[in-house]
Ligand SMILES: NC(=O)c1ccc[n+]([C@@H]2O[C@H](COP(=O)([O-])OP(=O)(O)OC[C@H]3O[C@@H](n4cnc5c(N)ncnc54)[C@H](O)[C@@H]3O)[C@@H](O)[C@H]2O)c1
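First, one chain by itself in structure tokens, the form predicted alone.
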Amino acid sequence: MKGNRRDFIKKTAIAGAGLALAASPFGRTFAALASDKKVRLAVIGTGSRGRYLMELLLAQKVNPNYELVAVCDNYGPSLNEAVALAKRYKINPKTYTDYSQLINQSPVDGVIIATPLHQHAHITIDCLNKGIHVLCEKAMARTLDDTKAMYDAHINSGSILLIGHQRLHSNQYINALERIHNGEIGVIGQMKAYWHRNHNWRRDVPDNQPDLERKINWRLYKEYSAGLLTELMSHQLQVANWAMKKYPVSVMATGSIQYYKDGREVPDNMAAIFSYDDGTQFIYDSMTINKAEGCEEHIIGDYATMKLESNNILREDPIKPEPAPGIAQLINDIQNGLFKSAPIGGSSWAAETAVSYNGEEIYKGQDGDGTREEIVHFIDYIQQKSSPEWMTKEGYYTSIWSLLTEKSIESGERITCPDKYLIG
């Protein structure tokens, strides 16, 4: 049994090692792409995340068949920094403070949307309906209805909608998930993830412009964001769904503002349990005052555990369990005649300790978290005029369940998904 298992693991690991390259634009050439026409791109939302995406776009050389033709932001300092960044790459895109002017005046094939969450839906829908392809940062939208409206616009328009779950484009994650789906870790018994950080998201507001508080610190206010749920948890919930090849059937969650008494409206700590239809549980928690445990996803099977963020696999040998030390000693004492019967209340168990085995590396050679590959994929999809629909559904259901988690926190109840938000 053990030999067969190890042979199977070896075969699936070798096979899986090539799958990430096959799925990634960095493992093949774009010379075979049919069109030489440059893809015209714009970035809407040039805050810190938008500029990060801009820089990755401008720095990548894998697919040079694109041009950044426009940038847009309604906050002057962010737009100015985007212009300065473009100049460093010796380009001069048009600038806009109103996205509707951009999509009506500047011919573009695709847009990257990195605005605050509450602005995603109407910008995305307007772009899709004009035949402009969209890469929108996660989560999709601030409300369940807006999330569904975005997906419907994608289906009705036929325009590409890609949601910013970069792990879907990471060679490391692609490889790990292929191996999980091929059975290398066995039957998934449980999944766990956490994102612990020592960072409160609050940003400085100019002393002479206190009215900018909600604009600058939008992640802290419920009108604009669900905080930890949409900004952090959504990434790891997507990984759990990817591992299961399905979506939850219920969630039970709790959260509070326990530490940062600064006027924020979203929890600074939370925990949730998602249940799947086969009885598998995904256990999640996030906090903002201690980063000792960092960020991790554990996919736990009866053969092995994959710790995806740290790129580590821990094998689980099928060893017959030995009695806990207290029970073993008790049996020995009875056999040697020290007791005529078993004593009540004696030591009968010992806590299990974590394995000391350090595990093995899942994948070698990933540079970054997959965001660079995500951007190159987006250009590729526009050129091919199609994208994997399952990726769009991953983004959709992750957003839906992130918002349902918020409803569970608010109500204190176990929440299921209303039928009107289920898609085929």
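Keep in mind the model is a prediction, meaning the values are calculated, not measured. Heads up: residue numbers just count along the shown sequence, starting at 1.
Omitted from view is the form predicted in complex with the ligand, to which the following refers.
You can rule out all but one of 239-247, 213-221, 104-112, 82-90: in the predicted bound form, only 213-221 has residues with a heavy atom within 4.5 Å of the ligand.
Only one of E231, E309, D126, E178 lies close to the ligand in the predicted bound form, with a heavy atom inside 4.5 Å, and it is E231. This chain is drawn without the ligand; in the predicted bound form, the residue among K130, R203, R315, K291 with a heavy atom within 4.5 Å of it is R203. Taking the partner from elsewhere, R49 is found to have a heavy atom lying within 4.5 Å of the ligand in the predicted bound form.
The ligand in the predicted bound form comes within 4.5 Å of a heavy atom belonging to G164. In the predicted bound form, E184 stays away from the ligand, with no heavy atom inside 4.5 Å.
Shown alone here, N156 lies farther than 4.5 Å from the ligand in the predicted bound form, counting heavy atoms only. Residues A114, T115, P116, L117, Q119, H120, I123 are the ones in 98-132 with at least one heavy atom within 4.5 Å of the ligand in the predicted bound form, listed in sequence order.
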